[in-house]
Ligand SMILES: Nc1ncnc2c1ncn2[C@@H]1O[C@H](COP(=O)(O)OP(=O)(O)O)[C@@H](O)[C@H]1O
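Listed next as structure tokens is one chain, alone, in the form predicted on its own.
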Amino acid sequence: MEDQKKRGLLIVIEGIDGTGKSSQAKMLAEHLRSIGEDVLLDREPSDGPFGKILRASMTEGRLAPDEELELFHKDRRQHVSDVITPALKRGCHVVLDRYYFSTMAYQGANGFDVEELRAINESFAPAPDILFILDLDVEAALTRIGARGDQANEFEQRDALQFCRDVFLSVKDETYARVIDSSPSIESIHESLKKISLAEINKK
């Protein structure tokens, strides 16, 4: 029987564009490694074959919505089966930049039913041990997106961003969810994520 005390934690970082998810995921993984924890820093879409198609579509032209959603599910199934579950079982913490909550938000903004998307994904994808929802109001997010020199894509328009923010916040009452204000400094946010993660790790 698997020793639950040795199982790694699945730590997911979500939020609308402009909240600093990727930077925070990297900083948290680096800190946990620095104190001797075994950590896998990963992202979705993954670097697997389906994820590569999805990433290419973001720069080379979007796929049809149904085709894109099917690829997200195929990518996540493979990612869970081949990467996430084996890592957790061997005691490695997985710090994940985006997960199925992003599918709920962004494909929901594309017209799919959010609750149905959630049910499909939760039928095969494990719930996170910690879900950090980096929260920022839409105007501030748009300012950040513009400041980094990016052109807003279809999901970075005001209405779509607000829809996505609302979807992320819709799961804030789950026991694993932690809403983090992402308007302070990068260092301040990192300290919050670090403190909460270490407290959960020390429970094991």
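Note that residue numbering follows the sequence shown and begins at 1. Everything numeric here is computed off the predicted structure, so don't read it as measured data.
Keep in mind that the form predicted in complex with the named molecule is missing from the display, and what follows is about it.
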query	finding
Proximity of I196 to the named molecule in the predicted bound form, heavy atoms at 4.5 Å	no
I189 within 4.5 Å of the named molecule in the predicted bound form, heavy atoms	yes
Contact label in the predicted bound form: K52 to the named molecule, heavy atom within 4.5 Å	no
is_contact(R144, the named molecule) in the predicted bound form, heavy atom dist at most 4.5 Å	yes
Stretch 168-188 - residues with a heavy atom within 4.5 Å of the named molecule in the predicted bound form	S182, P184, S185, I186
